[in-house]
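To begin, one chain is listed below as structure tokens, in the form predicted on its own.
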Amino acid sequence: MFKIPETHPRYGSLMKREKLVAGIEAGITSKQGLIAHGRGEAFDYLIGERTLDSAMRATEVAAALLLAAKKPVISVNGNVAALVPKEIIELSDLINAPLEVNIFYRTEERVRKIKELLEKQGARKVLGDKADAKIPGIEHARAKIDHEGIYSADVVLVPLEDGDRCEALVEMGKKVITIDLNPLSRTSRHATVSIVDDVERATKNLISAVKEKKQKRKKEGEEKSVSAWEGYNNKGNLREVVKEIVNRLKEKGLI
């Protein structure tokens, strides 16, 4: 990995790029994943490379939804495996959810390498290599899912998702939580809860929110079946994201 001085003003962003490049060299990430990351990074500039209030609100709802789920599953693609492997494993342990490898540019070798990477990092249950079920209405490789995992899940966390698969999962009756920096994407608009944030920030915030809610539940004896997202309006929250972006641009004198 290229040595980048921590004093560089773009240190965080450059380190993400280096992780993705290392992921390609290791056979984890696809070259196309670099393009997807760059597109998201452009939106990160617009939100000021920070977690918006609206994103934190969505994160709190997502944490509650994951804790209330009967069978949560976390979907992992190449970029997620390259950028936040330890964090996604920690989150899976906290909510007792298996990880499932699911990638657009699928080869069995890539699936195997991602699974091995996650297991070496400490993941206890990684699915995706069997892929014995399909998402109805999807023709590309991300339709291939594990019957024990995403197919039978009630809540699915899908960081860096494809819009058509997100829509199809919702149509299957699942609650879908996404992490996507683009508030205008099909993914964001069709998800049950859309966290408009960088995947590293969002995953860390989600871990903190889950820990806090678990501690509160233990202390106060809350029921696990408590409605996790009552009163939450995802489209309304996305409108707040856009408002926050516009207000920031006005404050900067750019519009």
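Note that the structure is predicted; figures quoted are calculated from it, not measured. We number the residues from 1 along the sequence you see.
Unshown form predicted together with a small molecule; subsequent notes refer to it.
Of the candidate stretches 46-54, 190-198, 59-67, 205-213, only 190-198 contains residues with a heavy atom within 4.5 Å of the small molecule in the model of the complex. Interface membership of residue 78, defined by any non-hydrogen atom within 4.5 Å of the small molecule in the model of the complex, is confirmed. With a 4.5 Å cutoff on heavy atoms, residue 162 counts as touching the small molecule in the model of the complex. By the criterion of a heavy atom within 4.5 Å, residue 103 is counted among the residues contacting the small molecule in the model of the complex. The closest non-hydrogen atom of residue 91 lies beyond 4.5 Å of the small molecule in the model of the complex. Just one of 176, 145, 99, 83 comes within 4.5 Å of the small molecule in the model of the complex, counting any heavy atom, and that one is 83.
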